[in-house]
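What follows is one chain in structure tokens, specifically the form predicted alone.
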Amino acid sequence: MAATKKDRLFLMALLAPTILIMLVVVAYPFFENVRISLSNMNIYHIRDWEVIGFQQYAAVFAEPRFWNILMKTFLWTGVNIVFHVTLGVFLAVILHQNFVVGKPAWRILLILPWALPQYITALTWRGMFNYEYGAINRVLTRYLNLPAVEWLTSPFEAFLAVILTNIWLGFPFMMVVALGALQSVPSELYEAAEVDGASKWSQFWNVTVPLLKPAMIPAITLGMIWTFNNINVVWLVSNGGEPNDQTHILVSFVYEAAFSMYRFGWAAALSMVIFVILFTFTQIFLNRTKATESVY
């Protein structure tokens, strides 16, 4: 039945507040950021800035540290996502088994890292990585007879520390998504696989993984975007990119450029580069994985 003019007006009235809010909180900041990225706005030109074209974009790609930080951001995102998904799916499969005792308690304990405010967890891990008093070095030296590690004063160890912290924070989300998807897998499929003589490993790859895919691909996409843009952990654990700005990822580099160095135009241009990278990567990933195709 075709919608009448009155129906269409009613639908527009319902959608109008949402459209207005999206214009104010999404569209306006986006296009304002585009405008600033084309300007020479910095601490010397706060009020008298002017549009200078794509010079800030050229300056971003000419920045010596940009390419190094870009590669480090890809590494940071890739390592985190691999561990988030692997740990999350592994724990979900374990918790889905009938032999596990006390499932509700295990679920609550494993979700806690995700449920706690991120800044509390990040600062707690920063304390645990303290060279002299941190719990991690105390375990290494006292119980494993290993030398203490300078977690927060050496570039490699500091970057490893922020990755470990973010792995701790990120796997519960993937576990919850995978666990929810597993609840909907028909038990008849496993019974049929057993009748065909499939091993547990074969059942996992040929039954569980394909049925988890529709839920996990969007979750992985979101996880990649969140991780790529996760400034909290990097900034709080490494104290703003220390040592010597060696633990920056792109988003923390943008924050430093905008609010420590007041290079607003340059920071806006870099943020647009980040947007293009994420948009392109997301489109390619979703197309390649065929996230919405049916598995039945």
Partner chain sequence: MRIRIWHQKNDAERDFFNDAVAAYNAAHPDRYVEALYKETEELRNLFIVASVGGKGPELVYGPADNLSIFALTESIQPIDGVLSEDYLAQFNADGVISWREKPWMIADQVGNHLTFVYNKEMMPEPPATTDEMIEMLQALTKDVDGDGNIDQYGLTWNYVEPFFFMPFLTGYGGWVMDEAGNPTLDNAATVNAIQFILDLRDKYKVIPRESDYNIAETLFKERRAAAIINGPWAWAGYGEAGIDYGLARLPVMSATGKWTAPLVSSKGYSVNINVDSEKMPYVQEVLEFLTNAEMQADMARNIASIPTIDTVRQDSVIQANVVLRSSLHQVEVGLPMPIEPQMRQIWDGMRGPYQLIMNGASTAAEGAKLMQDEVEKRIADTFL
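The shown structure was predicted, so the numbers you read here are calculated from the model rather than taken from an experiment. Numbering follows the first chain given and starts at 1.
Unshown form predicted in complex with its partner chain; subsequent notes refer to it.
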| query | finding |
| --- | --- |
| Its partner chain in the predicted complex: contacting segment from 209 to 217, 146 to 154, 81 to 89, 196 to 204, heavy atom within 4.5 Å | 146 to 154 |
| Candidate spot N42, R126 and F129, all three touching its partner chain in the predicted complex (heavy atom, 4.5 Å) | yes |
| Interface membership of A59, its partner chain in the predicted complex, 4.5 Å heavy atom rule | yes |
| Contact test in the predicted complex: Q55 vs its partner chain, heavy atoms, 4.5 Å | yes |
| Residue contact check: N68 to its partner chain in the predicted complex, 4.5 Å heavy atom | no |
| 4.5 angstroms heavy atom contact with its partner chain in the predicted complex for Y119 | no |
